[in-house]
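Just one chain follows, in the form predicted on its own, and it is written as structure tokens.
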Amino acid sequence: MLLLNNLGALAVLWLAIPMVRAGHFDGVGLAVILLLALSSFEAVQALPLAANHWDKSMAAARELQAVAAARPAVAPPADPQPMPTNPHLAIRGLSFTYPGAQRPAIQELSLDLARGERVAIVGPSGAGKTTLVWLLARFWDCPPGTILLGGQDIRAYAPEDARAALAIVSQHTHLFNATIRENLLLARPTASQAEMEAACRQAHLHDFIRGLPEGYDTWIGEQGVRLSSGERQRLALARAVLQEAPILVLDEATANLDALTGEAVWMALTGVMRDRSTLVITHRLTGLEDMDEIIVLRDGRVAERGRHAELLARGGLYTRMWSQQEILQ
């Protein structure tokens, strides 16, 4: 394009200069003709770049069409049941194998999480902990075995209703390139300023936000890049509090934080856990002394279960994990 632009300008000069000398038009007219020729190239200068991006744009469009046309992994029931006010979570004989996998990710898992109770699921990487979160969130169906909410099979509810009963805080919480206020309102669009502030106080975030020049209207950047890792997790926690779901699921909520930041976030989590049923999924064993039950998974199976002191006394897998953690600290 640059070469054609220059050649066009030279061609205009080559043709127009003799006409100026012959008196057909003056030098000002020559300048105008030259500028018109140059500006005409500017009008089409973006076309080669558009052609260069055509293949990428078409590939992206095909991927979007494939997603839009895909059938969901979980089909909603024909006659969805209304959600109970205070759903009690119970899992009975749950097993799950990913499509194409050779062995189950979860095998014969059972647990009860009554209102106000706290249950922790621990185990090494690949033990099946996060798979349980996907099943609870209805990203996959769960035969054989049953997940019960309020005494009824979770498959009897509309998937979006079942998800609304869970407030999930994971290690990879997505934050949008928007303000703190807009990210909080994703949990409950009708929340008032007072309700947002109350949720942020529970997450130990309100004082930090109040110290920002624009407060809750502060822009946080893509994935919350303008916040520290601890502030991002506390914002995710505040969003979960604002959702007011009866069951709180903490999926490795402090996994990517340093020791001091992780301890501060865990203190905020402890305050939030007092008001709701909590399922803690983690490979860190810090802070589990007050759990009502700890379930230790290995290769998708329950290896041990009990309270913290009971498991340490047995000298099994939980004790080995605890000892390794103490050495690393």
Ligand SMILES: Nc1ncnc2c1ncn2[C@@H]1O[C@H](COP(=O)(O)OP(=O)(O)OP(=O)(O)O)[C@@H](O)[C@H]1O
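Just count from 1 along the sequence shown to find any residue number. All values derive from a computational prediction rather than experimental measurement.
The protein also exists as the form predicted together with the named molecule; that form is not presented, and the subsequent description refers to it.
Taking a 4.5 Å heavy atom cutoff to the named molecule in the model of the complex, the contact residue among R71, H174, R103, R210 is R103. Site annotation in the model of the complex: the residue of T190, S125, T85, Q193 reaching within 4.5 Å of the named molecule with a heavy atom is S125. At least one heavy atom of T131 is located within 4.5 Å of the named molecule in the model of the complex. In the model of the complex, F139 stays away from the named molecule, with no heavy atom inside 4.5 Å.
Heavy atoms within 4.5 Å of the named molecule in the model of the complex are found in exactly one of 193-201, 153-161, 117-125, 180-188, that being 117-125.
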